[in-house]
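A single chain comes next, written as structure tokens; it is the form predicted on its own.
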Amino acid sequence: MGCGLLATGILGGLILVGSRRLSHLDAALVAYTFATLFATFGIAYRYAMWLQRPPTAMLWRRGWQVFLRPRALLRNLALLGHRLLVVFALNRFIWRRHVARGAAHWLIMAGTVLAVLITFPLVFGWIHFEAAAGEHGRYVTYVFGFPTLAFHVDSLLAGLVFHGLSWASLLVIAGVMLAMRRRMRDRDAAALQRFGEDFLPLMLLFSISVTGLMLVVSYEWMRGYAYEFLSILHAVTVITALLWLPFGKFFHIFQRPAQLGAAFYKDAGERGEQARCARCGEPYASLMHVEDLIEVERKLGYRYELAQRADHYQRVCPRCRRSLLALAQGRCFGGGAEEV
């Protein structure tokens, strides 16, 4: 709970400082702010609990250890940049599975990231716009209370900035449609999918995007017709998603970066000393991995110690494990077998 309170306190402090003591905080967006603070507490609390699990704790510790090794630090930094681009930005691992699946994942990710980069600074009061003094139709962008970029209301930049959420919504809707199509037509996906883990996230993203676009339509082309109702409906969908964020499938967004640590751990294992099978003497895995796996299993209460040549089952290669199984079955049937 301490981690959750700490993360919430840090975010609250940043909101207080960035909005110049709440002077630039939009009162209409206060509900979003409190929902975000709750989500921050839930995410930090669940992440801290997740890190306490022995496998995750081992991966977290080893990932940082191998990444920060002085001799490999420069190489690891270069690999980190490459993997951030290829694995996270381009989602290569999803594209390899299927083009449509990769497109759906990338569209949802791009639209969501764009919306987050626009929405949260505005909600927290970190960014706001003011009309330039003495210049009609010209606006100045204030970041943390400091004037930065100025642009005319009729410029291309203004259209991109003021309608950035509309572009994000269109990207998300396209991605959701591709994902829903797969879930309704792919038999493999249909056999494994669950409502709370597969359909509900897509429905929330779709609802947020559609209601956001309806607000734009109401304001731009319908003279504000039903704007108040649509704004409340949009707020309900967004706040629901924020409150559900720490508990549902969206939490994997925060777990996913651990894959980077696993990749560096794997690299270090391949370059390091290899474990040799206690039965046949052949190398079969990273020695560091085997030792860590034994430690994690013991912390979880699993005991696989052996009384024969190997002191632990994990020190036997997969091929010899299959041989040991066949030998044990032979003994059971009275056929006799060689000593392990």
Partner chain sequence: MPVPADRHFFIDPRRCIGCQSCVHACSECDTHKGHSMIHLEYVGRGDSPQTVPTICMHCDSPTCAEVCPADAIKRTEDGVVQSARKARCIACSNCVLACPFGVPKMNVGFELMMKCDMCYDRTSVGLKPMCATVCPSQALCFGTEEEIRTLRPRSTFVHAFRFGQQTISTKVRVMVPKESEVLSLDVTAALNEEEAKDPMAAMFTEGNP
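Since we're looking at a predicted model, the values are computed, not measured. Residue numbers count along the first chain shown, from 1. Between two forms, the rigid core is the largest collection of C-alphas that superpose within 1.5 Å.
There is also a form predicted together with the partner chain; it is not shown, and the following applies to it.
- Not displayed here, the partner chain is kept clear of Thr141 by more than 4.5 Å at the level of heavy atoms in the predicted complex.
- Remark: Leu16 does not count among the residues lining the partner chain in the predicted complex, judged by a heavy atom distance of 4.5 Å or less.
- In the predicted complex, the partner chain sits within 4.5 Å of a heavy atom of Gly301.
- For Asp26, no non-hydrogen atom is located within 4.5 Å of the partner chain in the predicted complex, even though that partner is not displayed.
- The stretch among 89-97, 157-165, 227-235, 129-137 whose residues place heavy atoms within 4.5 Å of the partner chain in the predicted complex is 89-97.
- Comment: the partner chain is not present in this chain, but in the predicted complex one of Ala31, Met49, Ala285, Leu37 has a heavy atom within 4.5 Å of it, namely Ala285.
- In the predicted complex, Asp186, Arg187, Asp188, Ala191, Leu192, Arg194, Glu197 are the residues of 184-199 with at least one heavy atom within 4.5 Å of the partner chain, listed from first to last.
- The Cα position of Leu11 differs by less than 2 Å between this form and the one not shown after fitting on the rigid core.
- A movement of the C-alpha atom of Ala278 reaching 2 angstroms or beyond is seen between this form and the one not shown when the two forms are aligned on their rigid core.
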